[in-house]
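Shown below, as structure tokens, is a lone chain in the form predicted alone; questions about how it binds or moves come after it.
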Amino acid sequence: MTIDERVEELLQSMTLREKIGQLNQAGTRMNCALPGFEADIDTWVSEMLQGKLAKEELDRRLAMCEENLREDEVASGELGNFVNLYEDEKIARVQKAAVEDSRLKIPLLIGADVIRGYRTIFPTPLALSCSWDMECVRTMAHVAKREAYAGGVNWTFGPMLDIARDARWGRIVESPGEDPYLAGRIGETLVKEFQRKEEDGCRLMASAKHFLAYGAVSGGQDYYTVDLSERQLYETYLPPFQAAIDAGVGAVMSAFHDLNGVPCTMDRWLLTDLLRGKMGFTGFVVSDAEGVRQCVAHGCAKDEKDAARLALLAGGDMDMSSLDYAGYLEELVSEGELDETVVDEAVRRVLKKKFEFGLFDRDYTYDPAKIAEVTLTEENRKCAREVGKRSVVLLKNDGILPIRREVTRILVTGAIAEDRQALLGPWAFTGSAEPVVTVVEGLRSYASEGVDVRYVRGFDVNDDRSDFAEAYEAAKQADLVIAVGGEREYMSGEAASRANLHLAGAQEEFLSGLVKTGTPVAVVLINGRPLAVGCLKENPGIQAILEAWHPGTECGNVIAEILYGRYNPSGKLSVTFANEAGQEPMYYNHPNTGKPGSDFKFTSKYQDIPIAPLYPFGYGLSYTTFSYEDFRIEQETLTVEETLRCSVEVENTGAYAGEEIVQLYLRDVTASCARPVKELKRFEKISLAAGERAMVRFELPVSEMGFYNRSCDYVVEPGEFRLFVGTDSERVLEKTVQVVLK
């Protein structure tokens, strides 16, 4: 029997209530165990994320609550999918209620944010994108799915494919950066690896999110409005999702915000006409958490019943956490406001994925020993360390890194350096801070015999100056200071937008005083977003800046290997670093203007900050140097049916072996619509020994050199195109080609 036949057979035997249950996704209920005490979990979690409530206090309060796993709802067929359930034994319990106690024995989809690992936590998605290394991306997905699958999770709420061009937006930390091509490569790789079925049946269904253009929220303010032309959607925000769809992604998650006036959750043009019609998506659509209910707050549904009707008719198949489908769809059908065939079509999509991903064929027995065999293993940690090293970006180095042998007294300062939770970073709900290697532990572990690594707290992300003096005195006795600052875990992520991108609190003041001790200083940044760190770049006393992001479980080892030269950093920025928040959104592939920025007053720029970014897209230093020569194009005149072929010779001109990411950009010089000054089209990561040369070759079909015109038709127009190849988006060699009609 085919999957479609199995779906239809099952559908015919279902009651309307059971059908609606398959469209309902919820988490556990929390009931306070103390009479007269009201549990407000959302407020508590929000306060914890804002730093107002300690994690220990949150745990204490949660311990006073009783968790209801909704097993009765599962057994009755009223709840067909779970969200935010992270404990293996509890996952097994709710699946038992589904496959043993319910009438139809339909397994649950158990969804979780497995976007940077499961128990072994890898770098944040933004950090991972700075590796530009699809093998690293695949490795993360492989380890994550093995651990998650063993624990009972079968669905990941990822990849997150929102193009993010505004560092003020907190969720930039979850994104693959600002470039559609790089994001598409990452999305395709993640979908294929998460969904690849292994010999033991291990696989996770992936869901591309958030559809659509969530990264373009106005002012970088989370949940806010988005107003974009349809052409801009096609040009910038759709390509990563199209790559995921072409890779076979099982689900798509709609976004919270309104797009051009209509909440994405209830936008039929978006979810049906565009996603299913033009883009060819065949899986199911799930709302973001409480997205259906929020249509009322948007002012586009009169109440939650109306929101449920509008969302389902728009093409939203599953309601996450609002409980509005469960509460109102049956009533809407009975009143004739909704045809049951609409419910049936949504149920078909959900059931089909449950069959395709083997949910009906799994053994759901809870086996702690089997879970332990694949969870947080030494091999998994090694993978996290290797991926982490390749995600770190060296922003500045005036010769003090790697740490020289004569450096025997090292001071580490900064509260974050010893804070496992801060180092773990945001969006790691399935992991734990306990196994995280701190920066101090990593440096001491890798230090040579006779090297003293001392730690003094010194500073934090707040205005506390009480430990400044002790750190300054300790710095005077050291050969080198490693200052670890940036952002704590709650300072980026969802609901963590920031208007000020400078280092928070008194960090800049502390670092300014630190350099006055005369001891060389290297700053390690632990953060989720690009920061306005011009004060560090321009200060000659700060001789190195290492953008480590939040590397995850192996944080301290990742940083130590790079600082000591055990690994030569190779990461490149997937986002532009602006000089100030006032420049945001700032991105490399912007269209030109009629008055491009220059020293002349009447040109496009801010008069009080540099025109150029602090650090451009694609930027990243190495302990060695690379030269680019002999950029050649095989054919300078091409038709649309042909393929452009070019090559460049790259030489490692330094003293260390290293990896280089060779980047190819394109510009359509004259077109019917203003085109970006540069667009990334290809890249390749190569490894060269000191003194070694390599010829890097690229192929680009001319059909990929087009754009969407005013009518949103994809066209390749004849004319002049410029090709750029280089180490980042600014330091490039240039050639010209002509595209002609036949």
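Fair warning: this is a prediction, and the values are worked out from it, not measured in the lab. All residue numbers refer to positions in the sequence shown, first residue = 1.
What comes next is about the form predicted in complex with beta-D-glucopyranose (BGC), which is not displayed.
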| property | result |
| --- | --- |
| Contact of Asp288 with beta-D-glucopyranose (BGC) in the predicted bound form (heavy atom, 4.5 Å) | yes |
| Interface membership of Met253, beta-D-glucopyranose (BGC) in the predicted bound form, 4.5 Å heavy atom rule | yes |
| Lys209, heavy atom within 4.5 angstroms of beta-D-glucopyranose (BGC) in the predicted bound form | yes |
| Partner contact for Glu337 in the predicted bound form: beta-D-glucopyranose (BGC), 4.5 angstroms, heavy atom | no |
| Proximity to beta-D-glucopyranose (BGC) in the predicted bound form, single hit among Trp427, Tyr587, Tyr237, Tyr619 (heavy atom within 4.5 Å) | Trp427 |
| Candidate from Phe281, Phe157, Tyr490, Phe510 lying within 4.5 Å of beta-D-glucopyranose (BGC) in the predicted bound form - any heavy atom | Phe157 |
| Candidate stretches 238-246, 561-569, 145-153, 253-261 - the one whose heavy atoms come within 4.5 Å of beta-D-glucopyranose (BGC) in the predicted bound form | 253-261 |
| Partner contacts for 307-335, taking beta-D-glucopyranose (BGC) in the predicted bound form and a 4.5 Å heavy atom cut-off | Met320 |
